[in-house]
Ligand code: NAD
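Shown here is one chain on its own, the form predicted on its own, set out as structure tokens.
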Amino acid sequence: MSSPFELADQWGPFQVVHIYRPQSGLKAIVVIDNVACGPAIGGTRMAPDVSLLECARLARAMTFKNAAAGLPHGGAKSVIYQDPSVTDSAKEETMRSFACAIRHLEDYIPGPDMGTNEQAMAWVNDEIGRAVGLPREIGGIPLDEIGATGLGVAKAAEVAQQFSDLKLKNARVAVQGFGAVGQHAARFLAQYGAILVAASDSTGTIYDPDGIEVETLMKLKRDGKPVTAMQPGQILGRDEIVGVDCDIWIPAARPDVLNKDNVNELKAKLVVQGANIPATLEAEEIMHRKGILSIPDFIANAGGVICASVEYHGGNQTAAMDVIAEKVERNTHDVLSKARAKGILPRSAAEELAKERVKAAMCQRRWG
């Protein structure tokens, strides 16, 4: 994709900004997709291999996610071309430079995403007074710490029991990408009686059909160790997690990890999309034909942005967790009910729901 106009349609993008600051070496892109519902909330992703296409697709997912959740916000996304494993001082310089570069983009409210966290948002907020997902010490609700997105993923899985023969009690769970989202999704699902049998990160996969102690694995990750350091368990390749024997498969890492080349390896009955755009459309269609229920990303992983919206409007952590549970449960039920009634993909049903809400907002205000 060489131009944002290649994906342009009636929904957006509203604004695309390419950023380069030679003094700091900052290279970034901001895509504000749609602001009909209000100022756009969307995370800031840091990775060396991000792209305009990825940013635009993620921004559109945020438009639909915020609309489906009934939030007074449009969708946006930003990407920074940098390895997130740089030193804290180097990351601080990058984030402060990025913040200064987006100061004038008042329709965009950045939040944490892959490669950034609450501390990164604190640096942004210190520069421009506009960010969400802030540390608790400065009045924020630390969504990664409390597991806001993971809670939503677990709630979506809970609702899915009504639309399949799957029960969470003793259900075997595999998490692809055992980071902030994946860890808390596993933690909340364990509270429902599910059993984590596999988890992966960039180093590989740990698999144990007898079950993996979630809290122990989370502590190991906090100590900076890979999942493959967990014992007991069988060490597999990073991508082998796609084919492990499980009931629930949770993608919680990069886009398009499920595609036509590997989706047939899935043995799960339910896929709950913890990551943004983790499956291609072809993969979604194949899962649907095989009878694998797949809950779309912008329905299942909306917990983080719901939490961010509650924070932005002055709410507290308790209120955020209650709103996440209520909204994700209701929207998951509405989407799966519509998909069943019409015989369509859950993603198609979810997009219908989101587009109806965005279209209604676009008719109510002058936004473009």
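For clarity, a rigid core is taken as the largest C-alpha set superposing within 1.5 Å between two forms. Residue indices: 1-based, along the sequence shown. All values reported here derive from a predicted model rather than from experimental measurement.
This next part talks about the form predicted in complex with nicotinamide-adenine-dinucleotide (NAD), which is not shown.
Taking the partner from the other structure, nicotinamide-adenine-dinucleotide (NAD) in the model of the complex has a heavy atom within 4.5 Å of a heavy atom of S202. Using a 4.5 angstroms threshold between heavy atoms, N301 counts as touching nicotinamide-adenine-dinucleotide (NAD) in the model of the complex. Put simply, S294 is far from nicotinamide-adenine-dinucleotide (NAD) in the model of the complex: not one heavy atom of it is within 4.5 Å. Taking the partner from the other structure, nicotinamide-adenine-dinucleotide (NAD) in the model of the complex has no heavy atom within 4.5 Å of any heavy atom of V173. Segments offered: 245 to 253, 121 to 129, 282 to 290, 96 to 104. Contacting nicotinamide-adenine-dinucleotide (NAD) in the model of the complex at heavy atom distances within 4.5 Å is 245 to 253.
Think of it this way: in the model of the complex, nicotinamide-adenine-dinucleotide (NAD) has a heavy atom of just one of K91, K269, R187, K221 within 4.5 Å, and the residue is K221. When you look in the model of the complex, the only residue of G115, G233, G140, G179 with a non-hydrogen atom within 4.5 Å of nicotinamide-adenine-dinucleotide (NAD) is G179. Applying a 4.5 Å heavy atom cutoff to nicotinamide-adenine-dinucleotide (NAD) in the model of the complex picks out G274, A275, N276 from 270 to 295, in order along the sequence. Positional change of M114 between this form and the one not shown reaches 2 Å or more at the C-alpha, relative to the superposed core.
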